[in-house]
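Before any questions on how it binds or moves, here is one chain, the form predicted alone, in structure tokens.
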């Protein structure tokens, strides 16, 4: 008879591709894990795993069984989440995934709010790219994501929280006559510095400036906004920065900041969770704190732009 233990062991092998690593993850000995997998194969009458010297590879049947096992294990986790949520809001741990262009700016403002309002909540944070976060949400590794919307997936529900406008970051001393328009002509004579492939902010910036076809536009790939800002500060080009980052990345006047003409381009920040999750009330409550943290992060942008314009008028 199938057991949840066997399904968990198969899921671990599917994730790690190795018996030893799967056993470590499950806190059991490798022989014990291997025996359970053999019993599962005997019960089902089909080979699930090809045992190789360099690791373990799932067969076609193994991949399908592992996919179904993952869904069952997620349902089991949801049962536990439902029971814990019924006791009190936001007392069970939340495994939160956050994209890199949000985490370093919003988390410092968010965590004190969480500690003050929900002192029993253990917030476990994972920062990586959107596609990896979505994969980990679907397979049950994460409970909730904070990212840029939209997200379209039949197993995922989303909630919009707040708009995060884009601003233009320029080398210091560069002056603008009023607000600029986000057009390809803006970057005819300046290098456009963008994050490397895989960051959703890169695609958003290209879309904002109608630069999907970027032949003739000089771009640069980096893994963090801080790296991009250092290059802008040294006269190597311009970039687009989300409003939440301005207080940190543009402090001290190291780069010039300009606003775009109305309607100002923006991204929508929001939450995503598995549609089957019973913790939607928890997530909505946490979303309120996140929106408050985002608004706090956005406030310095207006002051920095105003100070910059005042300095320009004096000169």
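Keep in mind the model is a prediction, meaning the values are calculated, not measured. Positions refer to the first chain, counted from 1. Take the two forms, superpose them, and find the largest set of C-alpha atoms that agree within 1.5 Å; that set is the rigid core.
Another form, the form predicted in complex with the DNA, is not on view; read the next lines as being about it.
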| query | finding |
| --- | --- |
| 4.5 Å heavy atom contact, residue 251 to the DNA in the predicted bound form | no |
| Contact label in the predicted bound form: residue 27 to the DNA, heavy atom within 4.5 Å | yes |
| 4.5 angstroms heavy atom contact with the DNA in the predicted bound form for residue 70 | no |
| Any non-hydrogen atom of residue 288 within 4.5 angstroms of the DNA in the predicted bound form | no |
| Proximity to the DNA in the predicted bound form (heavy atom, within 4.5 Å), stretch among 253-261, 269-277, 27-35, 62-70 | 27-35 |
| Every residue of 5, 18 and 56 near the DNA in the predicted bound form, heavy atom within 4.5 Å | yes |
| Large Cα shift (2 Å or above) at residue 269 between this form and the one not shown, core-fitted | no |
| Core-superposed comparison between this form and the one not shown, residue 299 Cα displacement 2 Å or beyond | no |
